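Here we start with a single chain on its own, the form predicted alone, put down as structure tokens.
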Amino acid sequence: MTASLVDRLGAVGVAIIALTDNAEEAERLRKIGVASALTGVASTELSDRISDAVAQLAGSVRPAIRSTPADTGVALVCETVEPQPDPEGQGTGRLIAVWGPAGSPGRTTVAVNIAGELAADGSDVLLVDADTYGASVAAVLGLLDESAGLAQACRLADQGQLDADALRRVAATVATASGTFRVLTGITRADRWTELRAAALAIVLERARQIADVVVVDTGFCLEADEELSFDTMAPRRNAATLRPLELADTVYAVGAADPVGVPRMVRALAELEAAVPQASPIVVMNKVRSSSVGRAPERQLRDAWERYGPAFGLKSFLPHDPSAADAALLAGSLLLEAAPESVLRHAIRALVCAPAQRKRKSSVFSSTPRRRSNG
């Protein structure tokens, strides 16, 4: 019995009650969302638990009055086998998903540096690489990692064996001069996407909320649920690792490239996002903003173009094109705050997540005096 199997059975309307006399197994089952009882449970209690499980699966409230089972078993006394409540409780950490359309708009660069800036600001941060098409967080941070930390965490979660300590063990630690954060590295090959099942990933993200103040997820680009076109409705979802973080996120940053190709692509992608994840209210960020691709006064030009396309979500932030700073960080396998601490790109990303109140049009990075860059 795994979390993925529970999720599949739930998808076709099957509720599960496990009968076990093993307390450890009952605890493991609880972690993957399965209620349990002793094998010698009284018929009345078993009936109640079945009704509760069905009501929970259907999303309904348990009725106050139900028909009495034929065999009441009133004379039978049963010792309950409820596992102890989760001592770690529900996670309170904030979940940030960084998403964007195809075409390398800069999702990973933004996600990695958001994590670094929040860690430098004193937050306990966990960065998750959930891109199943081209995971690159480990390479960007200079981590020689072949273990695919996220896949390990998902395997443990699927078996009901992932707790806070286990998650800390599989996460790599990145130390900077300004702060330290953890990383769950992505899959090493695209064909390993089946290891990141939706149910297991949801458990990983919940555990991540328990051990970190902020969880930053670098997602893939594709939102298509192509398995819906197949006859096998139980098939794993190729893009579950992108869709599930977007469904659970407290904040979604939608990153697009600021050029004649990237802007319309972003508009179309936002429409797809609204259809796939209706509850998402993304903060739209235009990246690689430069006058050479959109003309003079690039911020104004982008706003005018955006209004012509008429998307449902407005532009919220602009990140300047700063290739020398980005290249210096990539070459060093480090963050902008280390490789180019005075770059305009670094300060724009910091203002995006650490000081949103300071983001005003009059303080645009394109209308202010450029800061001197340092590639030390």
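Because the structure is predicted, anything quoted here is derived from the model rather than measured. The first residue of the shown sequence is 1; numbering continues from there.
As for the form predicted together with a small molecule, it is not shown, yet the points below apply to it.
Among 318-326, 50-58, 305-313, 22-30, which stretch has residues whose heavy atoms lie within 4.5 Å of the small molecule in the predicted bound form?
Heavy-atom contact with the partner occurs in 318-326.
Would you say all of T109, D131 and L330 touch the small molecule in the predicted bound form, counting a heavy atom within 4.5 Å as a touch?
Every residue of the candidate spot has a heavy atom within 4.5 Å of the small molecule in the predicted bound form.
With a cut-off of 4.5 Å between heavy atoms, is N287 one of the residues that contacts the small molecule in the predicted bound form?
The answer is yes: N287 has a heavy atom within 4.5 Å of the small molecule.
Heavy atom to heavy atom, is P245 within 4.5 Å of the small molecule in the predicted bound form?
P245: no, not in contact with the small molecule in the predicted bound form.
Might L345 be said to contact the small molecule in the predicted bound form, defining contact as any heavy atom within 4.5 Å?
L345: yes, in contact with the small molecule in the predicted bound form.
Examine S104 and determine whether its closest non-hydrogen atom to the small molecule in the predicted bound form is within 4.5 angstroms.
Yes, S104 lies within 4.5 Å of the small molecule in the predicted bound form.
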